[in-house]
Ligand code: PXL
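Listed next as structure tokens is one chain, alone, in the form predicted on its own.
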């Protein structure tokens, strides 16, 4: 396996939201092996930076040289540098390398603490900007680097050009802190050929997040290490960070923290869901007499990822499990968003208990319901009592019914209803996973005579 590796030179964030910790999460999520050089140790959380301990130049240089003497590095990111001693040693050590460098000009933390001592801003500009292939300031940082007060989009371009004249090949000015009437975030890329590329995203209802700048520069570094052209790397990093902001975590008392591994976690969860659900469908369709439990409207089994919020977070058979003679077969494969009704019941149950993530609908008749009542915890709702305001809203009936039923018994294994005009009576079997649902089906069938 060919390994691509990147080196991040930055400060340590004890809250895990920014700095070295954020860089490692981001690079790992994007398939890059991350090596680290720590420039400073901070004691911080989501509200404050309480203490900063800058490391001396000698140990910083030894860290860099130790890595470079052994591991082929395909891109380098520079983050928090804090003082002139650190700036100088990094500049001197990296100056003659033929490795792409991404510079994140971190002046202050999202919580407001100064992470680059003000008196060394000039050294930062003269010693680090000229050795970098990409510099990634936000609006505030760009103003400090250029001396230009940014009031409009034209000022952003002027600022990028001025920073480029300081020696940076490519400049990316992140527009998250720039307010406009259109509620659009505009990131501006100035490439080494003098061409501007603008990336636009809708502004989310988040005032400030912790770690977004680190995530972006680390993502750019990762994509550069993967040999993507600079502009492409920036566009891909922008999309990646947008998703990490969408999935921001509120873990402390202060500002929310970016979630750079959300996509990796979600994809991992979806893989496991697909695998477990496929196995469950195979089992169900091979259980003797299962077809006798399938209702006129057919059956479906569904399984949600952890923390599912919408139908698209729940996988099911794309179509149904149908009765064909004395057999049952799925009409198609597994797909996310495929089972609206069963998925809706799971999502409603997860509001009460996040562990209950799977369900199957089966026929409701006296014989089957009697067995369910003997074997499991059962609750029900009456569709006839459903308010007209709910009936008139597409897709709301199931959620309403499950909510009503769980209000009577929040630990139920089974929820049923007796139908309504044009609505078939139904039983829904719930479980923490598809295997648990399958085991309940087996238990029902083993206690029935046909």
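As the structure is a prediction and not an experimental result, all values here were calculated from the model. Numbering follows the first chain given and starts at 1.
The form predicted in complex with this ligand is left out here; the points below concern that form.
K.L.:
This ligand in the predicted bound form: within 4.5 Å of a heavy atom of each of 18, 210 and 214?
P.N.:
Yes, each of 18, 210 and 214 comes within 4.5 Å of this ligand in the predicted bound form.
K.L.:
Looking at 381-389, 64-72, 37-45, 417-425, which one sits within 4.5 Å of this ligand in the predicted bound form if you count heavy atoms only?
P.N.:
It is 37-45 that comes within 4.5 Å of the partner.
K.L.:
Spell out, yes or no, whether the shortest heavy atom distance between residue 12 and this ligand in the predicted bound form is within 4.5 Å.
P.N.:
Looking in the predicted bound form, residue contacts with this ligand include residue 12, since a heavy atom lies within 4.5 Å.
K.L.:
Mark residue 80 yes when one of its heavy atoms lies within 4.5 Å of a heavy atom of this ligand in the predicted bound form, and no otherwise.
P.N.:
Answer yes; at least one heavy atom of residue 80 falls within 4.5 Å of this ligand in the predicted bound form.
K.L.:
Consider residue 87 of the chain shown here, and say whether it contacts this ligand in the predicted bound form, taking contact as heavy atoms within 4.5 Å.
P.N.:
Output for residue 87 is no: heavy atoms all beyond 4.5 Å of this ligand.
K.L.:
Would residue 185 show up as a contact with this ligand in the predicted bound form if we use heavy atoms at 4.5 Å?
P.N.:
Outside the cut-off, so no.
K.L.:
Just one of 109, 173, 233, 245 has a heavy atom within 4.5 Å of this ligand in the predicted bound form. Which one?
P.N.:
Spelling it out, the residue with a heavy atom inside the cut-off is 109.
K.L.:
Consider the chain as shown here, without its partner, and state which of 356, 274, 115, 305 has a heavy atom within 4.5 Å of this ligand in the predicted bound form.
P.N.:
Selected option: 115.
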